[in-house]
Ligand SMILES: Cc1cc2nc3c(=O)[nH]c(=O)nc-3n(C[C@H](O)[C@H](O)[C@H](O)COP(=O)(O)O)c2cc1C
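Take a look at this single chain, the form predicted alone, given in structure tokens.
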């Protein structure tokens, strides 16, 4: 497989799955390691053991020593709710903000994931950005389907990936950077006088969730401004630390049968009784590296007990974000997809403090609140764009097909709401398409057919004329 003259090297495998050695992704990693039998692969289960690593400094220092001694690093993980697991993110944050980053500088690194390809690119962009921030030498990433090991063509690609990984380690190859370094801001937001209040109906509920701590002054001030602008109804502010979440999602998938979470720590009661009862939800956070806080990721992961069923459908959801969001395009997309593709809710938008202008930020927050209240009163939900439509078609196909037995609650919901809208079931369109294709072999029909396509369909013109 590899060159006979290639030097031996050691690879530290960072398992980002809370399942530990039971992770399917680790079987893919094991297959890759078998292609490089002369080299040493050692796996550490950082996601499964994150609580121990955070509490026991000796354990963490021992792990960082392994980072120091390894010739290369390979991250392996399953895609976890449009990203990596909260446990892996917590580990990454600890490494990034501690005195350990220096031992990773110039270290060759690659990434491998498994999923059903639902926004897997966002997880990979996050990981690549993290590796570049740590000044690691990024080689490549490989995103695989959960059943790709059964595919001989994909196994060949995996062998080629392993060969490229080895060649890059031995020869010092790397990929060009894709992410700019994050800027540091000293801007402090000072909320001004509130000149107008945003009224909401007495029966309406606004839920504001924040994770602000003593280091998040701007986020705190933005939350206070938003809370003060709303008048009427029920406005609730919850800090994520007060929401009962003892652990991150461990991926057991037992919720797939009837939306019942294996954890009994009170999170499902809060989500079902508070989050799902709100009409307007505003998520407030501070950019921490390439995402928000691991606590926010834990919230999104734990909400997955509703599986792929949109539990917040029809609601207004938006974000107040402090920090360099515009330098994290993958995070911008993640926040939007979390609202639209995941929830079938209306994406109100995102307000950030990046313009460094307190008066302008006051106006943005006030306008944001007005927009959320107005759209909520109209029960407005914008038509879905590609991000939502494409993502939901992946869910539709998988839940109807190979994953039906696992996500039975989803299957019942999708069937009841007519979401299995496969094109082959629309017989009239199929028949019309068949006739059009048949007659298009006739030159005079084909000419007239394409001339008609260049004009607005008469049916649409009649609809516009008939309806105000």
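Remember, it's a predicted structure, so these values are computed and weren't measured experimentally. Residue numbers count along the first chain shown, from 1.
FYI, the form predicted together with the named molecule isn't displayed, but the following is about it.
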- Query: What stretch, of 165 to 173, 230 to 238, 357 to 365, 78 to 86, brings heavy atoms to within 4.5 Å of the named molecule in the model of the complex?
  - Reply: 78 to 86
- Out of 146, 387, 101, 381, which one falls within 4.5 Å of the named molecule in the model of the complex, going by heavy atoms? 146
- Exactly one of 205, 370, 117, 159 has a non-hydrogen atom within 4.5 Å of the named molecule in the model of the complex; which residue is it? 117
- Message: Check residue 259 for me: does it contact the named molecule in the model of the complex (non-hydrogen atoms, 4.5 angstroms)?
- Response: no
- Query: Any chance residue 24 has a heavy atom within 4.5 Å of the named molecule in the model of the complex?
  - Reply: yes
- residue 251 within 4.5 Å of the named molecule in the model of the complex, heavy atoms: yes
- Query: Can you check whether residue 270 is within 4.5 Å of the named molecule in the model of the complex, heavy atom basis?
  - Reply: no
- Residues in 286 to 320 close to the named molecule in the model of the complex, defined by a heavy atom within 4.5 Å, in order: 304
